[in-house]
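Quick setup: one chain, the form predicted on its own, written in structure tokens, and binding and motion questions come after.
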Amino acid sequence: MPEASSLPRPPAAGRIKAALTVALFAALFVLAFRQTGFNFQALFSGTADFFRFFGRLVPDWSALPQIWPPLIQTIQIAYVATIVGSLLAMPIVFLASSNTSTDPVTLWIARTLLTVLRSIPDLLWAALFVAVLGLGALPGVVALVFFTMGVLAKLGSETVEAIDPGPLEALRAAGAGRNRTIVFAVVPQVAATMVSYILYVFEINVRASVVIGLVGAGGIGQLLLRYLNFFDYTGVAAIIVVIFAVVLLIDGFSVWARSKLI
């Protein structure tokens, strides 16, 4: 084994570039640290208040009859949004992939659409659709459909671009059309991964459907906001425990299902 002194050293230009990169990130961190007002002293001085507040969060299990209907609606919002969003995302997956898109213009349009969809947070989508469609579950479903399309199409297009090009080129050489090439050369390679992504997005949507309820987009978030407005912390605690249990169960099932697929 060669000694450390005999190992080749990176060129001076590379070392300077690395040092400048580290210095840039350090300077940006210091700047952000100061401008955000992050203060360890304030953080630790509020520890007593933190534990005092959480000491008041004793679940009131008599609130369960009120919790179940909006909780079920929350899961339904996530489920419908995931299915509809996944179906709408599938064509965009292949249009936004360089190896399956029809032409450069279509590729650019599809990728620009994905950028727009992903640049707007799900909470903002929900607030916009609540203003248009009114309070209830419908704006929540539509908001998460847009969110699902953006995330799933982006992950899917990157997966399609990473496939083995051999089957794709073989079918094209044999004269197969674009659709047949995608069905027989691309889909078999990405199907399991795409189902895994859909399960992952469903997990995210369950959590997001709780948050978007805070702006009136249906689900248990609306009940949570009502409890908070009336300082009913025992009801808030019951909702937190129930949401935690449900998300834990869904995460466990999703992890198990993805392990069977990949």
Partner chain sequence: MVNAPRIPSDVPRPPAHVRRNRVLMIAGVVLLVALFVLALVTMNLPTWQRFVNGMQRNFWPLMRGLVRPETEVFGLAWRSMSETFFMAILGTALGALLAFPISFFAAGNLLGGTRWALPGKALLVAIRTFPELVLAIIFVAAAGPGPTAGIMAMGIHSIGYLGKVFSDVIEGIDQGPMEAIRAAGGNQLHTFLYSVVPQVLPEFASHVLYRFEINLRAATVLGMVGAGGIGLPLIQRLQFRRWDEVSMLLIVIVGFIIVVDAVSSRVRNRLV
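So that the term is clear: the rigid core is the largest set of C-alpha atoms that superpose within 1.5 Å between two forms. The model shown is predicted, which means the values in this text are computed figures rather than measured ones. Residue numbers count along the first chain shown, from 1.
Keep in mind that the form predicted in complex with the partner chain is missing from the display, and what follows is about it.
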property	result
R118, A127 and I243 each touching the partner chain in the predicted bound form (heavy atom, 4.5 Å)	yes
The unique member of L138, A162, L88, I109 whose heavy atoms fall within 4.5 Å of the partner chain in the predicted bound form	L138
Close approach of P104 to the partner chain in the predicted bound form, 4.5 Å, heavy atom	no
Partner proximity in the predicted bound form: L223 to the partner chain, non-hydrogen atom cutoff 4.5 Å	no
4.5 angstroms heavy atom contact with the partner chain in the predicted bound form for A26	no
Non-hydrogen atom contact L57 with the partner chain in the predicted bound form at 4.5 angstroms	yes
Stretch 17-39: residues contacting the partner chain in the predicted bound form, 4.5 Å heavy atom cut-off	K17, L28, F29, L31, A32, F33, Q35, T36, G37, F38
Core-superposed C-alpha of T36 shifting 2 Å or more between the shown form and the other one	yes
